[in-house]
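In the block that follows, a single chain appears as structure tokens, in the form predicted alone.
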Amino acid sequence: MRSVLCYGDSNTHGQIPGRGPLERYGPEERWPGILRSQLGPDWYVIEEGLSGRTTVHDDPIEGAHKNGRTYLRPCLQSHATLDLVIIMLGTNDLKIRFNKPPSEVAMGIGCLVYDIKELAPGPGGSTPEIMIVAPPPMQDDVKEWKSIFAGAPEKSRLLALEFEVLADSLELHFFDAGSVVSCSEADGFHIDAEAHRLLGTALARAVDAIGWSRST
């Protein structure tokens, strides 16, 4: 059986648009659950989504535990061995309190990739396959989050290009979530149930395209 770790923020956690972080879609509705159903019994799909998770930043308001780099290493060790790690982060880095351009958000993703390669939690101590997923661009109207995400919608539209360049340079797999889904208008930066279904289905095809058989 192959294992895939889905490492992300609230859109991996399954937070319902316009609701609080504890209100989330069910396990079979979230995109990792859709991925699990599409890949079948030969795959073990591990969900690791956290609302507010950044790539490499301690959040001075929501807490240091939102730093995706801090938790990544123990997470990888807990779930090793891993054949594939899917990372979908970046939206929270665009909060005005971090004041980061899209290029530096991509650099944060690069730090996570470095840690995965250094830890080598793949079979036999190898580096697992790594897929970088660019989050879908935010809507221009992010409702009551407008002050927190000031300037972020415009930056979010540049993440896919920055992430694709990073993936090419590091020879990683890349997928642009914005090519198949849009953020919900309910809050402007979370995806709804239909988008989870479409994203999980598309990512299953992307995992297949890596070239391994579902039966091995």
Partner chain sequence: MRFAPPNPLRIADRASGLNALSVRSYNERLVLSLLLQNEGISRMEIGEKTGLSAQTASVIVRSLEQEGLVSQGEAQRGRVGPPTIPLSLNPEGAYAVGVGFSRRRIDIALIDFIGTVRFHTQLPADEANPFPQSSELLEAIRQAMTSLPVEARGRVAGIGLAVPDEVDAMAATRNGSSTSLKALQGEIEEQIKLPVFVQNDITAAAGGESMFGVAKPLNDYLFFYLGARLQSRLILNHQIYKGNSSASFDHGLVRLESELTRRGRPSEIIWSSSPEWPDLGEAYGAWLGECSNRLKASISALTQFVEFRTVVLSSYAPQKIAKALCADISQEFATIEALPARVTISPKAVGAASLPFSSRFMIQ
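Here the structure is a predicted model, which is why all the values come from computation and not from measurement. Positions refer to the first chain, counted from 1.
From this point on, the text means the form predicted together with its partner chain, which you will not see here.
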{"item": "4.5 angstroms heavy atom contact with its partner chain in the predicted complex for residue 205", "value": "yes"}
{"item": "is_contact(residue 130, its partner chain) in the predicted complex, heavy atom dist at most 4.5 Å", "value": "yes"}
{"item": "Exercise: residue 166 in contact with its partner chain in the predicted complex, heavy atom 4.5 Å", "value": "yes"}
{"item": "4.5 Å heavy atom contact, residue 119 and its partner chain in the predicted complex", "value": "no"}
{"item": "In the predicted complex, the residue from 38, 67, 182, 51 that sits within 4.5 Å of its partner chain by heavy atoms", "value": "38"}
{"item": "Within 4.5 Å of its partner chain in the predicted complex, all of 7, 25 and 80 (non-hydrogen atom)", "value": "no"}
{"item": "Region of this chain that lies against its partner chain in the predicted complex, out of 171 to 179, 26 to 34, 146 to 154, 58 to 66 [heavy atom, 4.5 Å]", "value": "171 to 179"}
